[in-house]
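Only one chain is included here, represented as structure tokens and corresponding to the form predicted on its own.
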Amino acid sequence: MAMKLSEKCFSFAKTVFFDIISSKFRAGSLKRSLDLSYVIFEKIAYNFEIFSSNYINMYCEIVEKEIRLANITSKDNVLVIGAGSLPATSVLIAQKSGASVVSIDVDKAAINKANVLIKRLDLSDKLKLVHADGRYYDFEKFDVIFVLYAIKQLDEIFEKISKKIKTDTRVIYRSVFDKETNTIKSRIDLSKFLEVKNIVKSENISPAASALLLKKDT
């Protein structure tokens, strides 16, 4: 009974945050409000173990699509920028692809909380959490880089990515999908930095979508 009640509560919260609130926002200043809603939802889910499990499972569909989109294998070194206190994407990449994952966040408290979860899931050998700023992190050793919701200073991060990644590095940028323009909503023009190759949309977390970005030919 308690399990079913918690699942109903989580489903209701998911509907409010993602299906109702998310669909109302546009790029720009309102998009930043949407980013904040994701962070708040994550922090709430972290404090309840059963919610945190549901939260991670909620991302399975989009992460599986991203893994196929970027052709991630166990041989890849993956960087996730924007770990958060409940690093669902990082956890799922490590579990589903077998890749070695480093996940960074500027929020030290979030990293400390996330480390507790990683130990509980017995993923410490595949997933490393680091307190770091994406603007100053070393990108050169990674085969795949994820840039997630609520990341600030996108211009600086993408400018550095475009200059420092290897020629065959795959970049996944997750944001929200604009049905009117059939594009990813972003506070920056992604094409300034990288080539947009393809987009996958989530059916489970509407209107989430991810773009595959590659280094431009020089």
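All of these numbers come straight from a predicted model, not from anything done at the bench. A residue's number is simply how far along the shown sequence it sits, counting from 1.
If you look for the form predicted together with a small molecule, you will not find it shown, but the lines that follow are about it.
Q. Only one of 72, 88, 117, 129 has a non-hydrogen atom within 4.5 angstroms of the small molecule in the predicted complex; which is it?
A. Contact residue from the list: 88.
(Q) Exactly one residue in 164, 185, 65, 152 has a non-hydrogen atom within 4.5 Å of the small molecule in the predicted complex; which is it? (A) Going through each option in turn, the one that passes is 152.
Q. Any of the heavy atoms of residue 144 lying within 4.5 Å of the small molecule in the predicted complex?
A. No, residue 144 stays farther than 4.5 Å from the small molecule in the predicted complex.
Q. Does residue 106 reach the small molecule in the predicted complex if we count a contact as any heavy atom within 4.5 Å?
A. Answer yes; at least one heavy atom of residue 106 falls within 4.5 Å of the small molecule in the predicted complex.
Q. Is residue 174 close to the small molecule in the predicted complex, meaning a heavy atom pair under 4.5 Å apart or at it?
A. Yes.
Q.
With a cut-off of 4.5 Å between heavy atoms, is residue 94 one of the residues that contacts the small molecule in the predicted complex?
A. No, residue 94 stays farther than 4.5 Å from the small molecule in the predicted complex.
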